[in-house]
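Only one chain is included here, represented as structure tokens and corresponding to the form predicted alone.
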């Protein structure tokens, strides 16, 4: 290989050095894609990408889809979802609190996203220069493999309810209690909460799904977005979901990524979940561009 892989101690989150995603040869692309499918989350370091170059690379991975809230999409390239705390002309240019819980992208849709690509343009730093806004990734495939046999049998065939409106409502409630959150961003979030409830109905998916490329079994749920288990009393369903979330997010299955400008993190929304730490606020700026790879109905 013409590039180097720096393996993480976790089952995912391996760093790839020495690739230029803007000028990727076909054999390099296929090797990168195979590594991504094998591990679920990879980090490609040292990139300098214009918006169109990010889109061109992402389209090689599959058809793209827009984020469901148009207000957070880049006006010049709406297939790019802007993740940012920056306010311009009195309005947020992106979603300020994106990913502040364990989740799998677009799990609230009938055909959830297959994968996501997130590119760091600006990373907030602490006063001593330490990056802020780390992102945790957990392997839902490795977590499934490690389940006791009786629990695997118990959850086989169960379906989980996923609710986008519940996620937005929880984010708005959390923001209202967070003194550090910009009031303009909070007002925008509250407006999106009401829109989400009206326009995005709940959906149910298998609690254990099969990876569409590798065939691995993966746990499939998200904190707050997954609101219950079909046919199970609410209290019992919540207890089971909490048990599985605690298992997935335990140390053996988790990689914590500390961002640098130029990092491109690719994650697979079937075999992994993630959440971002919100330990920064303006004037410390965070700006990232995300593209989203279209998926299929989970089985």
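Computed from a prediction, not measured in an experiment: that's the story for all the values here. Numbering follows the first chain given and starts at 1.
Same protein, other form: the form predicted in complex with N-oxalylglycine (OGA), not shown, and the subject of what follows.
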Query raised in the report: At the 4.5 Å heavy atom threshold, is residue 83 in contact with N-oxalylglycine (OGA) in the predicted bound form?
Result: yes
Query raised in the report: residue 98: heavy atom within 4.5 Å of N-oxalylglycine (OGA) in the predicted bound form?
Result: yes
Requested in this report: Answer yes if any heavy atom of residue 227 is within 4.5 Å of a heavy atom of N-oxalylglycine (OGA) in the predicted bound form; otherwise answer no.
Outcome: no
Query raised in the report: Though only this chain appears here, would residue 160 touch N-oxalylglycine (OGA) in the predicted bound form if you measure heavy atom gaps against 4.5 Å?
Result: no
Query raised in the report: Out of the stretches listed (48-56, 35-43, 228-236, 266-274), which one is close to N-oxalylglycine (OGA) in the predicted bound form, meaning heavy atoms within 4.5 Å?
Result: 266-274
Query raised in the report: Is N-oxalylglycine (OGA) in the predicted bound form near all of 138, 222 and 247, within 4.5 Å of a heavy atom of each?
Result: no
Query raised in the report: If you look in the predicted bound form, which residues in 278-299 sit within 4.5 Å of N-oxalylglycine (OGA) (heavy atoms)?
Result: 286, 290
